[in-house]
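Here we start with a single chain on its own, the form predicted on its own, put down as structure tokens.
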């Protein structure tokens, strides 16, 4: 679920931080820049693990700050495909079951990846697994807040870098705002035995 990623960046340290230890100042600046941010095709950055190498620091004309090229390792949330994770159901919609890990919410289990047969209950706004038994079908509800075990089957990165407005957007009114896309999304599946709500598989 978590991986160590080697990165290189140039860190600017302002003059009023020169009295501090260089490593402490660099660690603080790197966490300010990266923590809780998604790096494209890398994952969700959590925190600095360690600094592996510091190159020479430079002070440029007109800027009293020091600029240091830093080699470091960062803890990143990036589960591998087919990894089994446990989260909580954040909500349900016709698009599927939305799952949260607490620190990461952009997880979707689409209808075709649920235990089958499944149906969406419009009144309750929940997905239901119509579990077949010898006595007939039993409705097992996927309620909000329930713990759910799922398999990671796909991931999607979206480049959300800011772009300038196009000429068409500039002339149109701002009535319809574009839907904000998540920069990093996981797709899950519970369509196999042992996956789904933990309460389904625990003996009472």
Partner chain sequence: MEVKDANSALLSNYEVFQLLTDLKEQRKESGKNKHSSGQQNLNTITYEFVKFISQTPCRAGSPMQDSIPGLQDHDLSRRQAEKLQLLNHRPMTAVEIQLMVEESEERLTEEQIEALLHTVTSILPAGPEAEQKKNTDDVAMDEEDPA
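Being a predicted model, the structure only gives us computed values, none of them experimental. Positions refer to the first chain, counted from 1.
Just so you know, the form predicted together with the partner chain exists too; it's not on screen, but the next bit is about it.
Decide if the three candidate residues 23, 119 and 144 all line the partner chain in the predicted bound form, where lining means a heavy atom within 4.5 Å.
No, none of 23, 119 and 144 comes within 4.5 Å of the partner chain in the predicted bound form.
Identify which of 124, 95, 83, 112 has a heavy atom within 4.5 Å of the partner chain in the predicted bound form; exactly one of them does.
Going through each option in turn, the one that passes is 83.
Given that the partner is absent here, does residue 7 sit within 4.5 Å of the partner chain in the predicted bound form, heavy atoms only?
Yes, residue 7 sits close enough to the partner chain in the predicted bound form that at least one of its heavy atoms falls within 4.5 Å.
Might residue 195 be said to contact the partner chain in the predicted bound form, defining contact as any heavy atom within 4.5 Å?
Contact with the partner chain, yes.
Tell me, yes or no, whether residue 149 is in contact with the partner chain in the predicted bound form, where a contact means a heavy atom of each within 4.5 Å.
Answer yes; at least one heavy atom of residue 149 falls within 4.5 Å of the partner chain in the predicted bound form.
Does residue 138 reach the partner chain in the predicted bound form if we count a contact as any heavy atom within 4.5 Å?
No - in the predicted bound form, heavy atoms of residue 138 and the partner chain never come within 4.5 Å of each other.
Only counting heavy atoms and a 4.5 Å limit, does any residue of 1 to 36 reach the partner chain in the predicted bound form, and if so which ones?
Sequence-ordered list: 1, 2, 3, 4, 5, 6, 7, 8, 9, 16, 17, 19, 20, 28, 31, 32, 33, 34, 35, 36.
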